[in-house]
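The chain below stands alone and is given as structure tokens, in the form predicted alone.
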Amino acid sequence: MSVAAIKKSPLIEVRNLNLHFGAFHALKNVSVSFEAGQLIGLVGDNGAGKTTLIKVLSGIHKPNSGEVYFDGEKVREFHPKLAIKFGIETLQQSVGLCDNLSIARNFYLGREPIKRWFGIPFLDFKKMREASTKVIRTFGLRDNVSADDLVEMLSGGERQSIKIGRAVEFKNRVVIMDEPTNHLSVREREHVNELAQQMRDQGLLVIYITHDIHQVHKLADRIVIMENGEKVTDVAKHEMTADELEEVIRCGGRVVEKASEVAPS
């Protein structure tokens, strides 16, 4: 069988994407593809365009030109609800949970199960507690944490665990992690990164946005670097070291020739 015959089709494919905010050219002819079962490091400094690209994939921004394909079908409308329907979940450090609600209520936020009593709808709290308790234990929250506890009692790493567990439980196909370890302790950071790898191993596409090339190089299968709205590098992680990729970022997207490879004059 030929290599072409066994090559996977991308789950998400972006072709020649352009996005303008007035006179500002935020995304410039970006083409990139992502496969299921991959953990992709999407890296760049602030303003590089990585978060803007993700907002297109999650339906927040509509591109001015270019095409996006999901599982081989062209995306014709860009809306967050459509992205959720496709199974695209975006996890952000600062949003996604309500401090004044319980873990169980947060787990089902926007997807609350309903039971009816004499035709009158009620929230099915029993189902919410049972499912969220399972996730609490599976994703490594403390033994003394209950599904009825308020989210405001959780640490930053535990909050991320809840969001990751919710993404897996609701059968999402793509999990976008936007700077998921900001402001976390070393132990919490390691835990969140382990969960990212577990999702990849379960066949999900994980897109991990960060400015920390050394951290993501340890986790990712591929590294995509953006600079000033353009994709400047897209390599398997074994092709370049973290230090080499950091140099690409430092030099504004230019691949710098290593000194050992430069012939003497």
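A quick note: this is a predicted structure, and the numbers were derived from the prediction, not measured. Note that residue numbering follows the sequence shown and begins at 1.
Only in words, not in the display: the form predicted together with a small molecule, which the text now covers.
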Consider residue 50 of the chain shown here, and say whether it contacts the small molecule in the model of the complex, taking contact as heavy atoms within 4.5 Å. yes
Does any heavy atom of residue 46 come within 4.5 Å of a heavy atom of the small molecule in the model of the complex? yes
Find out whether any non-hydrogen atom of residue 179 is located within 4.5 angstroms of the small molecule in the model of the complex, and reply yes or no. yes
With the cut-off set at 4.5 Å between non-hydrogen atoms, does residue 211 touch the small molecule in the model of the complex? yes
Heavy atoms, 4.5 Å, the small molecule in the model of the complex: which of 30-38, 51-59, 199-207, 213-221 makes the cut? Say which one. 51-59
Tell me, out of 26, 240, 68, 232, which residue has a non-hydrogen atom within 4.5 angstroms of the small molecule in the model of the complex. 26
